[in-house]
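One chain comes next, on its own, written out as structure tokens in the form predicted alone.
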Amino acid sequence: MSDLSFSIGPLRFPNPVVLASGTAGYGYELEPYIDLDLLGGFITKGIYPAPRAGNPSPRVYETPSGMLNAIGLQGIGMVRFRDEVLPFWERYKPPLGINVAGECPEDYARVVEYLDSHPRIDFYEINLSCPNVQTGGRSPSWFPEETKRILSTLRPLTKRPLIAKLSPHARSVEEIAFAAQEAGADGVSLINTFIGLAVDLKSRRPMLHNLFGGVSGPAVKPMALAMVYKVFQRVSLPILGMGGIVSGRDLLEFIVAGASGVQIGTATIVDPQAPLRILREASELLPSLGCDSLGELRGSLKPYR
């Protein structure tokens, strides 16, 4: 059988299919539909220090080849997460990542310090795409110095891998990835959603109460692939690629562009069993490409000269 594993720092992932933050809740929501032990990894909904109600409805809208959402990082906060969700994950084996969110660097630090003693946590995905009150509501991952500031604050607090989740709206996502590498990140995940707007022509109102939302799904795949390739050329960190992956072929295209593994998001909302189907398709397709492992395929894109 083909070797589908990959590593980020000392942490080994058994296969490249990791469920993306937010799109599969805390994990127990998917338990009736798929065998969680077959996943390569799982990343939780964003965890802030305190609970958050999220944005008012409507906050999800279907778009051509994707969806638009403005959930507003609704969540139960770090205390309930530790008490209620982490015991559930003690029954399962896949690497568990905590998506850490915050409105300021101190928020991120509070979450990591509070959770880090729990043995079931395997890594942290630092959501640098959150609006930050100290940058006037702008995302820290738009700026190299803010990216460095947050990751440098977190690096001494944990020995677990830190994965920086980056926004596609930075002037140069590869420069932000390089800043993350300099600050001690063990990997990067990209891309988060693109900013979008949908309009109800009859009422002249936006389809989302929040006005703008994040665009995801197959429509964003070409842009996501381009950013993965650019970052692969710039840094030596492992990359978790995401953006519109709905088939095994999509998954392997991200590996060719330079990703070590991928995150499945919108496809899971459409079909909770999609992640395991995507994994099966990729596994069946890999030998036909003359490869026995994902490592042989990784970063093998051959631009025309």
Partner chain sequence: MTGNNFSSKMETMDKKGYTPLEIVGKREWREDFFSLFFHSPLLTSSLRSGHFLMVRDPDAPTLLSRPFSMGRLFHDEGVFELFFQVVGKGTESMARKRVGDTLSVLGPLGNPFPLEKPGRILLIAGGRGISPFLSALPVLAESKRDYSLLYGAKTARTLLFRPFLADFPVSYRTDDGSFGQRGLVVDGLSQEVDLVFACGPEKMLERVALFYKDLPTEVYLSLEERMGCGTGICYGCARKVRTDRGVEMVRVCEEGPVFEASRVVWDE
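In this text, all values refer to a predicted model and were calculated from it rather than measured experimentally. Residue numbers count along the first chain shown, from 1.
As for the form predicted in complex with its partner chain, it is not shown, yet the points below apply to it.
Participant: Pick from 74-82, 184-192, 143-151, 111-119: which stretch has a heavy atom within 4.5 Å of its partner chain in the predicted bound form?
Facilitator: Result of the contact check: 74-82.
Participant: A24 versus its partner chain, in the predicted bound form: is there a non-hydrogen atom within 4.5 Å?
Facilitator: Result yes; A24 sits at the interface with its partner chain in the predicted bound form.
Participant: Just checking whether V256 would be counted as a contact of its partner chain in the predicted bound form - the rule being heavy atoms within 4.5 angstroms.
Facilitator: Heavy-atom contact with its partner chain at 4.5 Å: absent for V256.
Participant: Can P14 be called a contact residue for its partner chain in the predicted bound form at 4.5 Å between heavy atoms?
Facilitator: The answer is yes: P14 has a heavy atom within 4.5 Å of its partner chain.
Participant: Should S2 be classed as touching its partner chain in the predicted bound form when contacts are defined as heavy atoms within 4.5 Å?
Facilitator: Contact with its partner chain, yes.
Participant: Note which of V220, A179, M207, V235 lies within 4.5 Å of its partner chain in the predicted bound form, where distance is taken over heavy atoms; exactly one does.
Facilitator: Exactly one residue meets the criterion: M207.
Participant: Counting only non-hydrogen atoms and a 4.5 Å threshold, tell me whether K230, S260 and Y304 all contact its partner chain in the predicted bound form.
Facilitator: No: none of K230, S260 and Y304 comes within 4.5 Å of its partner chain in the predicted bound form.
Participant: Do any residues of 52-68 have a non-hydrogen atom within 4.5 angstroms of its partner chain in the predicted bound form? If so, which ones, in sequence order?
Facilitator: Heavy-atom contacts within 4.5 Å come from A53, N55, P56, S57, P58, R59, V60, Y61, E62, S65, G66, M67.
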